[in-house]
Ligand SMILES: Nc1ncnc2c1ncn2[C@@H]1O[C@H](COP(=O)(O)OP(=O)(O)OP(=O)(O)O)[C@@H](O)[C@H]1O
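Let's start with one chain on its own, the form predicted alone, as structure tokens.
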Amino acid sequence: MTQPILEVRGLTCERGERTLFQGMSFAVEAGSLVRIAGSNGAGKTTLLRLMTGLMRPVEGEILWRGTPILKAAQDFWRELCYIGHRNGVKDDLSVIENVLINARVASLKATREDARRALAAVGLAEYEDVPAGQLSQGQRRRVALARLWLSESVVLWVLDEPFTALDVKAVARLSDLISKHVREGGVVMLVTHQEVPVDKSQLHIIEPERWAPRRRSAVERAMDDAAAAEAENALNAGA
């Protein structure tokens, strides 16, 4: 039996006075797409942040290659590419400067030519020297996502709604890249409603609500839906 590359054991997380999930456990092998699914407010983004070590669970642990991620520290982070809701784009820098700085922060070796190829892949080849502050929200998102084209050697990708604010062509390019990464033995964990073409044997669907100690009321769900819709509308407004 193949040893799992990623394991979640007995994970419990609280937000405020509410327990989002309790005793969550699952394991995935290399060459897997892990889609975090469920309704708004179920803890999908929280789970992603736990997977990166940005948050700590109340109980349980996350293991990467058999070692708890907090213990593995730098060894784990070198194998991680995380892109959350925030694009991390500096308005006063040019598009290509943002790509190169993001690569440097992530300890990726990238030349200016590598950055140009990444920008071409996300449809921003003609924006290389444009100040990022002049871009739409969709274009800023693509600047952040360009790092994925420089991270093909990084095994674990953790992505929070990566397809949001992208046009049809950009969605297709990103979907193809994610599929390729999985086929080549990488692990991609993401929150998305977008279908990504992978073999069924490579797809794992994790629903945090399965481990929730209680069901949310209709009022709680409605409030979470409204907050999510407001955030998405704000992001798409400048796309």
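Numbers follow the displayed sequence, beginning with 1. Only a predicted model underlies this, so the values are computations on that prediction, with no experimental measurement involved.
Absent from the display: the form predicted together with this ligand. The rest refers to it.
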| item | value |
| --- | --- |
| Contact residue in the model of the complex, chosen from Gly60, Gly53, Gly41, Gly31 - any heavy atom within 4.5 Å of this ligand | Gly41 |
| Among the candidates Ser175, Gln202, Thr45, Thr192, the residue which, in the model of the complex, approaches this ligand to within 4.5 Å (heavy atoms) | Thr45 |
| All of Glu79, Arg86 and Leu156 with a heavy atom within 4.5 Å of this ligand in the model of the complex | no |
| Contact label in the model of the complex: Arg18 to this ligand, heavy atom within 4.5 Å | yes |
| Stretch in contact in the model of the complex with this ligand, which is absent here, among 194-202, 181-189, 62-70, 33-41 (heavy atoms within 4.5 Å) | 33-41 |
| Heavy atom within 4.5 Å of this ligand in the model of the complex - qualifying residues of 153-185 | Glu161 |
